Ligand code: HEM
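Next up: a single chain in structure tokens, the form predicted on its own.
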Amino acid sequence: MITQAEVSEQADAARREQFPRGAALTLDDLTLAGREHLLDELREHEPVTWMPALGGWLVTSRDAAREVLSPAAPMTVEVEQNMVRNSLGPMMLTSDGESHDAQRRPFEAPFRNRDIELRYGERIAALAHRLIDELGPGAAAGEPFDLGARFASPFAVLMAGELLGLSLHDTERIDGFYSDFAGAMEYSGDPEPMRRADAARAELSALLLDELAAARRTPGHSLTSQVANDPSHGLSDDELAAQLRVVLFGAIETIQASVMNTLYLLAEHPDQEAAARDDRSLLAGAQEEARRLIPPVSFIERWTAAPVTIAGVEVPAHEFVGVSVLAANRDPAHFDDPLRFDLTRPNASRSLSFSFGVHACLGLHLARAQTTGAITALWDRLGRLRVLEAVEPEGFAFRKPAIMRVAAER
């Protein structure tokens, strides 16, 4: 573990003078809807900038972001100040090198692309249809419902539990844990979100340790049973529970956001929505484009393990470097007319929404299958979903509508 370097007042002043646009940014500018243009302007003039409000450097161009996330870069996540580590605890996303590989390896095989659709397609569809049944006949008749609370959230939680072989039937409780984890991944300095995350982590860890014990008593074919009954990986139960926490986090937070953001943007572009409803193969492009424009994970942390030059900017060792995925995904050097939603965009999948490098998203192929399966089921059963009320997607580390009330419209 390294400790983030403290920057002297003299160095801070010099950097503020060199990077005036970054110096003027606030945390709200990285969080609130309607301020994305500030990141676009920043990327044009200071693609790597000093941002005092972050206490570090901010990267907004795609090329510079890939430099930072590249396995060859002298970067690390093993830092006490890592907000993901502080929220979720030590695990694969907050480890490097052999430690990272040992923690990630037992969980990789089930998420490979070879047979995702064959293995999980029917289960994804079955759960989506079950949840639509639970909405009641009123939903099909046009009765409004909260897409997040009534469908996207339980779909993500229950599917994660089913895939991992965990008993996660109390969806509100599990979703509450992850809301607390997400709320602590910020730089506001308020201790209350971290207190809630600590409490949620302790409670969830106890549940996961019980699940590992149950998997040993009654072995099965689930991922949890496989890792619980395979001593060759060399991980303790606490370490296994830590990996399950982060795998669940990705499976829950990302899927909720992906389903909601895709439907949100399609509703804003009815011609493209109609095209995708008529030709469901277009849903693959629609969800990739939605993740590009509204990345569920919109901010990534790294620290310099050694002095490094990023896009021509010299950054000393042990300093914080934040990647704005939101800004990198809107880089006109890589995406033509980047602010336009286009479900046929040929390179939408080249966004950084699943990250890049050794810490790239473990379940990216499954996330695609789940998003397609969920939206297909909603359209098959309810027809077009008209958005009655929605809060524009925003968030510092994670981005999705806080509220999205919809109604079926045949």
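Under this definition, the rigid core comprises the largest set of C-alpha atoms superposing within 1.5 Å between the forms. Just count from 1 along the sequence shown to find any residue number. This structure is a prediction, so every number in the text was calculated from the model and none was measured.
The discussion below concerns the form predicted in complex with the ligand, not included here.
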Worksheet item: Candidate spot Ser258, Pro296 and Cys361, all three in 4.5 Å heavy atom range of the ligand in the model of the complex?
Response: yes
Item to complete: Check whether Phe111 has any heavy atom within 4.5 Å of a heavy atom of the ligand in the model of the complex, and answer yes or no.
Response: yes
Item to complete: Tell me, yes or no, whether Ala215 is in contact with the ligand in the model of the complex, where a contact means a heavy atom of each within 4.5 Å.
Response: no
Worksheet entry | Contact label in the model of the complex: Asn329 to the ligand, heavy atom within 4.5 Å | no
Worksheet item: Using 4.5 Å between non-hydrogen atoms, is Phe354 touching the ligand in the model of the complex?
Response: yes
Worksheet entry | Candidate stretches 99 to 107, 224 to 232, 136 to 144, 263 to 271 - the one whose heavy atoms come within 4.5 Å of the ligand in the model of the complex | 99 to 107
Worksheet, complete the sentence: The listed residue (Ala182, Ala276, Ala200, Val246) that reaches within 4.5 Å of the ligand in the model of the complex by any heavy atom is Val246
Worksheet item: Of the residues Gly89, Gly285, Gly165, Gly250, which one places a heavy atom within 4.5 Å of the ligand in the model of the complex?
Response: Gly250
Worksheet item: Heavy atom within 4.5 Å of the ligand in the model of the complex: which residues of 276 to 304 qualify?
Response: Arg291, Pro296, Val297, Ile300, Arg302
Worksheet item: Against the rigid core, is the Cα displacement of Phe335 between the shown form and the other one at least 2 Å?
Response: no
Fill in: Core-superposed comparison between the shown form and the other one, Ile300 Cα displacement 2 Å or beyond
no
Discussion item. If the two forms are fitted on the core, does Ala242 show a Cα displacement reaching 2 angstroms between the shown form and the other one?
Written reply: yes
